[in-house]
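In the form predicted on its own, a lone chain appears below as structure tokens.
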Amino acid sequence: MAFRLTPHERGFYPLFTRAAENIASAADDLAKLVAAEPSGRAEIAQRVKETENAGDSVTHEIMVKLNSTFVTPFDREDIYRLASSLDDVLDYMEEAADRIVLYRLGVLPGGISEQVEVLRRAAAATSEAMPRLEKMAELQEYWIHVNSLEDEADAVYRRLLGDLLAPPDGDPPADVLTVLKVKEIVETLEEAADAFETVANTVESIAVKEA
């Protein structure tokens, strides 16, 4: 940990922890949504939306504190990037939940539940890591793990797109409109996985600078 002569504002750390806890909660609900019957999805999607709203409030608190704090615990740019990427994760998950309901989809491809499970694991890892940010302790395992999960998410994403756009022999092709709807959701979930990787890479950058 770098030695500092000037005391700095430590109130950012609980906010990052809250942001990550919101993400974990939303990921759990998203997993429940993709496993639910279509008639039960709207209620779960509303819970995801409420969590996303709570996440927006935390992001706003971080930005207000950033603009009003003279000495920050680490680089302002990194605080902004970390807060923004955490917010992006939640936005993408809420967008996916909303589209599943809005598009009135019936049975979802099995690969979507695989995507969401990867997101749920990344969310759990992020939620566990954020409280360790203050002491910069035991974080390397976190960013390595999340980068590995992003690779896993990429593989699921590519397989899903292949099955969606070029169904295996013997499988009936879906109608074009359904393909477009599902493709949007699959791509949004992939963006959430990419945002998790950005969170992990930002944490790595912070840790390296503070070492």
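All values derive from a computational prediction rather than experimental measurement. Position 1 is the first residue in the sequence shown; the rest follow in order.
Same protein, other form: the form predicted together with another copy of the chain, not shown, and the subject of what follows.
- Task: State yes or no: in the model of the complex, is some non-hydrogen atom of A35 no more than 4.5 angstroms from a non-hydrogen atom of another copy of the chain?
- Result: Heavy-atom contact with another copy of the chain at 4.5 Å: absent for A35.
- Message: Can you tell me if K135 lies within 4.5 angstroms of another copy of the chain in the model of the complex, counting non-hydrogen atoms only?
- Response: Result no; K135 lies far from another copy of the chain in the model of the complex.
- Task: Indicate whether D98 is a 4.5 Å heavy atom neighbour of another copy of the chain in the model of the complex.
- Result: Yes, D98 is a contact residue.
- State yes or no: in the model of the complex, is some non-hydrogen atom of A124 no more than 4.5 angstroms from a non-hydrogen atom of another copy of the chain? Heavy-atom contact with another copy of the chain at 4.5 Å: absent for A124.
- Counting non-hydrogen atoms within 4.5 angstroms of another copy of the chain in the model of the complex, say which of E184, E43, E50, E152 makes the cut. Looking at the other structure, the residue within range turns out to be E184.
- Message: Only counting heavy atoms and a 4.5 Å limit, does any residue of 145 to 162 reach another copy of the chain in the model of the complex, and if so which ones?
- Response: Counting only heavy atoms within 4.5 Å of another copy of the chain in the model of the complex, the contacting residues of 145 to 162 are Y157, R158, L161, G162.
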